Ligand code: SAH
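Single chain ahead, by itself, as structure tokens, in the form predicted alone.
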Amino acid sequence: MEKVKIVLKSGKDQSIRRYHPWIYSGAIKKIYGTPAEGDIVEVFDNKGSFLAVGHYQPGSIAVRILSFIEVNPDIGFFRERIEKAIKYRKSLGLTENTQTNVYRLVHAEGDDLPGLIIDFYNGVAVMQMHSVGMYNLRMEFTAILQELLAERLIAVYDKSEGTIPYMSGISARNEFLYGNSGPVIVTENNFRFKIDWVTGQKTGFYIDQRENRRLVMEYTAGKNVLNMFGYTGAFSVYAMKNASLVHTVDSSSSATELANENIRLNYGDDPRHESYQADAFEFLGNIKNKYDLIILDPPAFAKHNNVLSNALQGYKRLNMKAIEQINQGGIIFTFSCSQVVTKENFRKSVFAAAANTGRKVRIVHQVVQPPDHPVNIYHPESEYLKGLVIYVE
């Protein structure tokens, strides 16, 4: 079948020539043919020169680019891309690591596979597709993983029900595409965690905070630690290694139960830890001089630019409360996982929060996502996780 041809408006090809992997609908001059969502399309400039090939989707992002050279994105094409992603993780020392058996195997644009996420949990690959083009290939991806991972692969679980664009009309459902498995126990830097991809957020675990959790551990010796938005309690598990006490707070009772379970997995019934089901802002309002280290890792406050201003105010308010309340000489680990919030915007929000409190604040570290969540240098949007470690006098 002949591919659909998309022609861009004059001057709208510059970002593509700089290898940005998205084409916005406003850049399109004409579409020759009637592509269905997820179809392969070829993109040309206004003078007829080939630019790229990718998956079509109606909406703001009209094409997610797969290649900037003329290729046929068949199963061999995707096999090669996934194999390169696995080799990259091997070069990081992750695939054969006895201390860590949970990592991101494919990171969308960061691995030149826009719309595809694959996380590896001690033998179980959890896939999440964010485009119909990738979703239509889920069985092909499953076969590729079986081939490339061989005996290391126990099961493949598709968790795309909540990530496929809702206007696509596709009734995606979360299910095993290969094998079967209940929740598994994984190790991360020798700590143990229970992973339940069926009920858990994202693919079951916030893998992207692995290195930042390890950094937390270096600052917790003898300290009273507060882990806000605790979810699985992963930060709390690391903090418990050296802390005097650790409190985990989340608005969800199932999250606090999971946090307690992960603490028991690593420390048994240790009285240094307690969990609280509470609203974050209310809890932070009444903790004056109680904690020496506070972790703020909220869910994304903004998924779209139209709510960016409100999100920045939310980060400002959250950080202001923590800076006001923390002990003198305290340390705050504060994060944003909102893709539309830039590092500069986030830093300005924390700056404004600090200024409003009148306390002296130093930046100790500026932190990002780990290397198994690589940032495509041509796609700054893939650098979604940003954080500051600050010292409060």
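Owing to the predicted nature of the structure, the values given are computational and were not obtained by experimental measurement. Quick note: we count residues from 1 along the sequence shown, nothing fancier.
What comes next is about the form predicted in complex with the named molecule, which does not appear here.
Novice: Within a 4.5 Å heavy atom cut-off, is residue 80 in contact with the named molecule in the predicted bound form?
Specialist: Residue-level check for residue 80: no, no contact with the named molecule.
Novice: Is it the case that residue 73, even though its partner is missing from this view, gets within 4.5 Å of the named molecule in the predicted bound form, heavy atoms only?
Specialist: Output for residue 73 is no: heavy atoms all beyond 4.5 Å of the named molecule.
Novice: If we define contact as a non-hydrogen atom of the residue within 4.5 angstroms of the partner, is residue 114 a contact of the named molecule in the predicted bound form?
Specialist: Result no; residue 114 lies far from the named molecule in the predicted bound form.
Novice: Is residue 234 close enough to touch the named molecule in the predicted bound form, meaning at least one heavy atom pair within 4.5 Å?
Specialist: It does: once the named molecule is placed as it appears in the predicted bound form, residue 234 has a heavy atom within 4.5 Å of it.
Novice: Using a 4.5 Å heavy atom cut-off, which residue among 189, 122, 252, 146 comes into contact with the named molecule in the predicted bound form?
Specialist: Selected residue: 252.
Novice: Have a look at 201, 174, 313, 244 for me and say which one sits with a heavy atom within 4.5 Å of the named molecule in the predicted bound form.
Specialist: Here the answer is residue option 201.
Novice: If contact means a heavy atom within 4.5 Å, which one of 266-274, 94-102, 205-213, 137-145 is the stretch that engages the named molecule in the predicted bound form?
Specialist: Of the stretches listed, the one contacting the partner is 205-213.
Novice: With the partner left out here, which residues of 277-299 have a non-hydrogen atom within 4.5 Å of the named molecule in the predicted bound form?
Specialist: Read in sequence order, the residues that approach the named molecule (within 4.5 Å, in the predicted bound form) are 278, 279, 280, 297, 298, 299.
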